[in-house]
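Below you'll find only one chain, the form predicted alone, shown as structure tokens.
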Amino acid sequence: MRVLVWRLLSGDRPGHRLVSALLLAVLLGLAVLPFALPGTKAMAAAARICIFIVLAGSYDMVLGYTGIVSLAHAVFFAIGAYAVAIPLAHGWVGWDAVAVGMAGGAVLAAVVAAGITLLSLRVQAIFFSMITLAAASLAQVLATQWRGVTGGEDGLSFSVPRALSPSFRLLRDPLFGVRVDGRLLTYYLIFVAALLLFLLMLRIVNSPFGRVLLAIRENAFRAEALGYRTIVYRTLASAIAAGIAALAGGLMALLLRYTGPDATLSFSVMVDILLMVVIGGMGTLYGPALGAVVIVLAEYYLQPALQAVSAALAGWPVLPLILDPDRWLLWLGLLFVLIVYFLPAGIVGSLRRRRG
């Protein structure tokens, strides 16, 4: 059993018992959540966690393993979502449309990422970030103005294959008290795909290719002197990460049965990705997974939790105002500041350092 787990993780240990326990709890919790908490909100939050684990992990391949600070990663997420949504919204409904959209989105995102990287890496770091920010702004303009294809600001609503529609029933009788319908099948499709993509990313970063990326991150000049063409490796890493981000975008489109600029291309999506990587720990892959759990749970449940606490403290003079649910973003920001201050290398990175 240990050998199997070791191979699945590509020899990459979480590095701390607490990290291992947290990751195991997340995996088991996501696996059984539809049967433990069959509510719509809980399942939607869990599905978003799965998707953002892949998305944040793909960004960590760029930021944490190569040192590239890109602000255009949400663009590749949106490319994957639109690539799945466009054929489905124009009447081509079926698994073949989903497969073509997923593959086409991943290839297009990889090509776009390679072009941006080749264009931008010849300038210094801050200018590279500005170029990627300009590319993200251009993509948002195209998504809102190209109405005939993208639906403009309204986005695209579409039908999914029948097996993923909420009205579909795989089994007539409930299984452990839960209906086996299209909503449940959609969740487990996302869960399995996210798990496989995460294991794929672990395999990539723990391969000789991944070790070269780490060497380039630590000292690009030394890696170049050893014979590694840094721009080639960084371009390949950006293209692979963009393709994986596009696959995550396709999964998001299937989950929402809708895609639009606000859902996949807004700057808030990019901020969420960056927060997940920084909170969890850059250059670990495990860190962004835990960061995705923290951010998504905070976005879904921090406001209701503050509302419950504020109502319980209604008789107190000041606390209900401080804990008002409308201030949940303030508390989320405070949580981020505290994590960065006390865990400067992120959750996983700081725990690994303490053990070391």
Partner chain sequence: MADDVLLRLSGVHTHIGRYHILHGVDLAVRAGRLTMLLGRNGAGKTTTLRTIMGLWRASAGTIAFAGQPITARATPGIARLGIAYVPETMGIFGQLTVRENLLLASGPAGLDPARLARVFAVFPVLKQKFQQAAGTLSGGQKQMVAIARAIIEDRRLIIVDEPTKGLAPAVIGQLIEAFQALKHTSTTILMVEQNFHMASALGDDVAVMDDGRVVHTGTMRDLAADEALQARLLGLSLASHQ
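Residue numbers count along the first chain shown, from 1. What you are looking at is a predicted structure, and each value in this text was computed from that prediction instead of being measured.
Only in words, not in the display: the form predicted in complex with the partner chain, which the text now covers.
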item	value
Contact of residue 217 with the partner chain in the predicted complex (heavy atom, 4.5 Å)	yes
Distance check, residue 147 to the partner chain in the predicted complex, heavy atom within 4.5 Å	no
Contact label in the predicted complex: residue 96 to the partner chain, heavy atom within 4.5 Å	no
Interface membership of residue 212, the partner chain in the predicted complex, 4.5 Å heavy atom rule	yes
Segment that reaches the partner chain in the predicted complex - one of 220-228, 267-275, 78-86, 170-178, heavy atoms within 4.5 Å	220-228
Heavy atom contacts to the partner chain in the predicted complex at 4.5 Å, residues of 276-291 in sequence order	none
